[in-house]
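Let us start with two forms of the same protein chain, each given on its own as structure tokens and named structure 1 and structure 2.
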Structure 1
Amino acid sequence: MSAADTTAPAKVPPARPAPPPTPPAVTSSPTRRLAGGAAVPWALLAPCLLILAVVLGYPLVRLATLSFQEFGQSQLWGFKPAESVGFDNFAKVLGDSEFWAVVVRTIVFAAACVVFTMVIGMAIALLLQRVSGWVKTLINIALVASWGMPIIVATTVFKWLFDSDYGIFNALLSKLPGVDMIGHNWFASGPEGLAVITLLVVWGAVPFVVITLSAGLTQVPKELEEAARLDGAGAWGVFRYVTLPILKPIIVMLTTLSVIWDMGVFPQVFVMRNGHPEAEFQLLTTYSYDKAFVVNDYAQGSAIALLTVLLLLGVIGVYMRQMLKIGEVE
């Protein structure tokens, strides 16, 4: 998109200055400047593009080629040539019922994470508008602190919070009358364990959403809200018919980003399950890791990763469309 935008104006001017008889020095100088101008953005972008090509492009190409080859330990160590096997890896993966169970689990898990993140994030953002200055500062500090915590550290903390023997969460729950949760193991069953992991993911994702949405909320014109109120709208009405439509582009953006991130959750599950997630905890990311690095079938691991990318492509499409639309309006 940027290539078309920047080169178009450079070609228009030379046609215009032709009719009036002006000194050649004047006409040539803007032309030269503009011609050079077309290359400058690319020159400035070059280092960044080069890094992107190396860091993102190479692994992607490698991933794609791997998924069409037979590639195990012998090939990794260079003792055997990697032979192409066409779509064999994909056929194997797609024919495995476990893969489909993992796909469904991943989608449900990601959906739960996204919904909770957005709803809680919106609630806190709205709350932030109504509290006094120092409370706002305190909440913001808490948000940034939890946002800034490294995932591995946060996961370890949650692991201890929910530990079956020493976990504070079980101890607190047991304080409730009639509840005895001491020794309860949250990770003995998949759904319960994934619920804890959802909590961890949402806890880590909410701050970004809150901060972004509060920034967006400051852009909602006060006059519009007032007018709506004069027309008899209640708090919900104002939110539904004034605030939400104005925030929509931000919300769409945040949701698509959240989907992309939550489909890619890896360390939370991996660390929580000590590097060996049970079958009921496998998400697409950990499943692909398992295939590639645990069973040493790097090709099948790549095929699963590639299928994950395809699955995400739809979401990424929404994201790109939104981004381009904003570019056009600008």
Structure 2
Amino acid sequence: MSAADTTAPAKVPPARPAPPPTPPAVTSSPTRRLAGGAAVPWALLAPCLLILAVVLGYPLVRLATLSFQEFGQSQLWGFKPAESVGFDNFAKVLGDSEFWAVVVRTIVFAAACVVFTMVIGMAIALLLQRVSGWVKTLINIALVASWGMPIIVATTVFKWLFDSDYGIFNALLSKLPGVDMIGHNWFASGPEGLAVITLLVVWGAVPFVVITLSAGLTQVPKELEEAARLDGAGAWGVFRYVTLPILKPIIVMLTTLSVIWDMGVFPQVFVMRNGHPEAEFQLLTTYSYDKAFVVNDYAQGSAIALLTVLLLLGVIGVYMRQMLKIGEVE
């Protein structure tokens, strides 16, 4: 018997069974994915938008409706129906010389508040970069405390400071040689009284500006400042060509917010004048209030308020334009 006959044949392993066919994956179309992704932000914003529509939308619509109607006490109590008068309320308001005097006074007042707030706030923010940590902490605590003080409380304090009989400010000024301010009434004239109110508004607005600008100054690279100094730039040159361009978006935002807030100043004037601001103290907010709730001409008061809103929308438009320009440069 040969060796070939004694050798067993090799066993071939059985073939593996083929895997079951994979079911086709269900893929959503790109259009469906984009639609679902775009709906998520709106769903998250829906509660906030609903609250804004209720809190701001309805009063604004009601304000616009009243401004085109004849609406006084008779209409308020239901003795007469509110009739549409078209643009008559706006014609009366815009044709009143007192209204334009109030507009000019409001613009000058707001401009003074904004300029002093931004200049003082920037100066304090720059000084905070040069003091030690514990001094900066104490100043920040004082700023937050003054910022958190209620407006009515701050106004009451300022009324006492500038009181003609017991005011400490008159007493301090009278200690200067040749100065006698005892019994001086700061509210006897409009310019002096508005100067006091401007000081009150600036005092309440500076802390927010300082804290915001201090946060922005931490983002200014020290290397750029050092390079500018090596190139021969002084303190003003470093601030103008390095610090100011970096802080420009923050400055634009703060300036716009300050304009909106200072154009809407009401409690400071109202409380400082004991609820009855004289003609030389009237701003757009108090003028609208007097027309509506003192003269009981709610339609004209609404028209003045709507004109104020349109004026502020113009300010917001300028702000958006500046921010878009800054975005294009970046």
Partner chain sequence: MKRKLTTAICVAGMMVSIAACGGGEDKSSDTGADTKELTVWLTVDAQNNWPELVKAADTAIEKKHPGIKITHEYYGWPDKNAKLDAVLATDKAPDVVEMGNTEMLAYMVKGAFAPLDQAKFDNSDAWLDGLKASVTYEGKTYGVPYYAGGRVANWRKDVFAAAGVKSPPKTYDELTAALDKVQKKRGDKFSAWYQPTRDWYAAMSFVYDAGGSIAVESGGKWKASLSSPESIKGLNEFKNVVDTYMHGDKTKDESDRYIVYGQGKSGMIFAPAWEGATAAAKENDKTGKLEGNVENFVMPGPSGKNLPVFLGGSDLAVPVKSDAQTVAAEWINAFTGPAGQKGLMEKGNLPNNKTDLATLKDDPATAVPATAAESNWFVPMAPGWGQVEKAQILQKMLQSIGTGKQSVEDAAKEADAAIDKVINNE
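Take the two forms, find the largest set of C-alpha atoms that superpose within 1.5 Å, and that set is the rigid core. One-based numbering along structure 1's sequence throughout. These figures come from a predicted structure and were not determined experimentally.
Visitor: 1 or 2: which is the form predicted on its own?
Guide: Number 2 is right.
Visitor: Is there a C-alpha shift of 2 Å or more at residue 315 between structure 1 and structure 2 once the rigid core is superposed?
Guide: The answer is no, as the C-alpha of residue 315 shifts between structure 1 and structure 2 by less than 2 Å after core alignment.
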